[in-house]
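Quick setup: one chain, the form predicted alone, written in structure tokens, and binding and motion questions come after.
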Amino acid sequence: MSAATGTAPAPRARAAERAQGWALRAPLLPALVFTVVVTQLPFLVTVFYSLQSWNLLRPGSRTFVGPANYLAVFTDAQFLGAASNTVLFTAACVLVSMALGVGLAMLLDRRFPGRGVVRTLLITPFLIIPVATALLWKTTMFDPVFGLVGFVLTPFGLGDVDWVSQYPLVSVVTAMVWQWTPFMMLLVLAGLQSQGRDVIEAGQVDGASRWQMFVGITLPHLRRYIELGVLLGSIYVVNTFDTIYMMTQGGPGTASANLPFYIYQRTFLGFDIGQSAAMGVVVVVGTIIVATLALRLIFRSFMSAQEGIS
């Protein structure tokens, strides 16, 4: 009898814990349902469309073709070119922005008169909407007649270069770097301000040079922040559409088109619903795989750093 009474509270305690857990999760259920309806259901519809051959210019052509659209995607030379442009855009923008962000953060980590004003001015490009950024660089900076870039480069014989038409990749990457450098700078600056001053003072006492302290002390401390900035920047930059649309329209031809812009062309200009849906699914799956692997590496880095502190 005593054994029965001794084990009776255990199921009740577990039931109470489950009820308490559901009570804590209940306020999040509306947000979860909204997220599923807004994101997952459209994705399932996109997968359904990707299994069909459907072009709006040919009424009655909607037929089920299975994975044929996916096979066509991976053999499409323009899609592969847009994929290579996407990798080039993302790598160039993120790496250059991070390098400039580290340099600017190192400067802003020092005390000097007017540091607050300089910091505010450097953050400003990130606050401008991408459409305005693209128009600014296309008309004010890169215009072959009235552009400031041409005016500055006139003594070097480059004043009449039409940068957007002749060098579309460089033009788009330049505008994106200008916009994303403040974001990288803020992340790195937060890492610098979390660094212990006693470590820097110890390095100075030991006679280490500034370069030695940067490479041996500061850069390892900033590794997690740099990795986080590269991951977040890559996720956002890989989805760039408005800058390319406003500056180059993917041209000349498809020379500067990335995956989002090429999918837009196939959907709203070519009206090919089936293949554009297959392209969208491929891009989403690839982005999820890359982001998952990168997040695991970053979490592992944070966990190892916490274990080292503890």
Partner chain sequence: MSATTATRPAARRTDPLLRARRIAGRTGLYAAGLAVFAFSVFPVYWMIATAFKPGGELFAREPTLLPRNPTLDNFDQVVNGNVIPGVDFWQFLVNSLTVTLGSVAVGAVLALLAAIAVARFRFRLRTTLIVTLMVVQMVPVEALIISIFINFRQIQEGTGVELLGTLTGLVLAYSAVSLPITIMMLRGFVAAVPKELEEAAAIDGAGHWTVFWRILMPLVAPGLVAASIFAFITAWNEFIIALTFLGRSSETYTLPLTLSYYFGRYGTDWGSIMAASSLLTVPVMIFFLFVQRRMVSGLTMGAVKG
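Residue numbers count along the first chain shown, from 1. Treat the numbers as computed from the prediction; the structure is a model and nothing was measured. Think of the rigid core as the biggest set of C-alphas that the two forms share within 1.5 Å after superposition.
Just so it is clear, the following notes concern the form predicted together with its partner chain, a form of the same protein that is not shown.
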Of these, Val102, Met141, Ala82, Val73, which has a heavy atom no more than 4.5 Å from its partner chain in the predicted complex?
-> Met141
What is the one choice in Val215, Val87, Ile129, Val199 with a heavy atom within 4.5 Å of its partner chain in the predicted complex?
-> Ile129
In the predicted complex, Ala257 touching its partner chain (heavy atom, 4.5 Å) | no
Gly280: heavy atom within 4.5 Å of its partner chain in the predicted complex?
-> yes
With heavy atoms only and a cut-off of 4.5 Å, decide whether Ile288 touches its partner chain in the predicted complex.
-> yes
Answer for Asn239 alone: is it within 4.5 Å of its partner chain in the predicted complex, judged on heavy atom distances?
-> yes
Going by heavy atoms within 4.5 Å, which of 163 to 171, 87 to 95, 219 to 227, 73 to 81 lines up against its partner chain in the predicted complex?
-> 219 to 227
Enumerate the residues of 29 to 47 that have a non-hydrogen atom within 4.5 Å of its partner chain in the predicted complex, in sequence order, or give none.
-> Ala31, Leu32, Phe34, Thr35, Val36, Val38, Thr39, Gln40, Pro42, Phe43, Val45, Thr46
Large Cα shift (2 Å or above) at Gly251 between the shown form and the other one, core-fitted | no
For Phe261, is the C-alpha shift between the shown form and the other one 2 Å or more after core superposition?
-> no
Is the C-alpha displacement of Tyr49 equal to or greater than 2 Å between the shown form and the other one once the rigid core has been superposed?
-> yes
